[in-house]
Ligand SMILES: O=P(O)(O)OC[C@H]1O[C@H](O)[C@H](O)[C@@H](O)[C@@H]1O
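As structure tokens, one chain now follows by itself in the form predicted on its own.
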Amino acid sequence: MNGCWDGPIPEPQVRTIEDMRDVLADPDCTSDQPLYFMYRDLARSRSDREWLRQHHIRYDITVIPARVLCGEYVKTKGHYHPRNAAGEYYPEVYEVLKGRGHYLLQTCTADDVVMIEASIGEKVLIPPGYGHVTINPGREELVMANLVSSDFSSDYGPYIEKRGAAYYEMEGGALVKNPRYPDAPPVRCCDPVEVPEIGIRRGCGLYDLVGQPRLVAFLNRPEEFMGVMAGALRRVPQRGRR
């Protein structure tokens, strides 16, 4: 968190190996160290907190130390979002504050699996209908922020049921297919995208969107922004992952 957040810091929620065992490539792996830390519902001031509450938005920071667990890069547990009252799935947006992250997205049926690599200052939009896991493939700590609707709870069940995402990323970058997804296609690689219409652009931090209701409206009313978000998963031409 040092250098990435200048507001009050609450006690984090901590994921341990026991929390993660159900989604690891090797469920028998052991570790006596915390795997990652989640600082939820952050605000720099009382007025910001009230604004976030009134607009049903949450700003979080997650810290993922560089670590390898029995050959697999450390990662988040993975979750999906439910539908809102209009019947559309909630989206989410991430920003890398430190380090480098691999964002592994997949549809509910895993008929589309996407890897997005992002570094400092880049944003990753999780479009409606995609679950996601974040992986730290680097040798330094990954610190990332997210903005998301506060009106729902994430659904971890499908990832637990299938023992993780469709692929595990192993040390060195190899992607190993999870046998519980026999029909999952190969991973396609996409770049982080800029979507200026909803404030996703370089030079604009996610927290800069606090106080700008027009730019965060897509988080609670995605059905009004589907066209804007349609290009979020643009394939990387030829060169594959960076």
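Keep in mind that this is a model prediction, so the values were computed, not measured. Start at 1 with the first residue shown and count on from there.
Another form exists, predicted in complex with the named molecule; not displayed. Remarks below refer to it.
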Is it true that Arg40, His79 and Val148 each have at least one non-hydrogen atom within 4.5 Å of the named molecule in the predicted complex? yes
Arg58, heavy atom within 4.5 angstroms of the named molecule in the predicted complex: yes
Is the gap between Tyr36 and the named molecule in the predicted complex 4.5 Å or less for some heavy atom pair? yes
At 4.5 Å between heavy atoms, is Arg100 in contact with the named molecule in the predicted complex? no
With the cut-off set at 4.5 Å between non-hydrogen atoms, does Glu122 touch the named molecule in the predicted complex? no
Of Glu117, Glu72, Glu95, Glu92, the only residue with a heavy atom within 4.5 Å of the named molecule in the predicted complex is Glu92
The stretch from 135-143, 164-172, 107-115, 148-156 that lies within 4.5 Å of the named molecule in the predicted complex, judged by heavy atoms, is 148-156
Contacts with the named molecule in the predicted complex - residues in 1-26 whose heavy atoms fall within 4.5 Å: Arg15
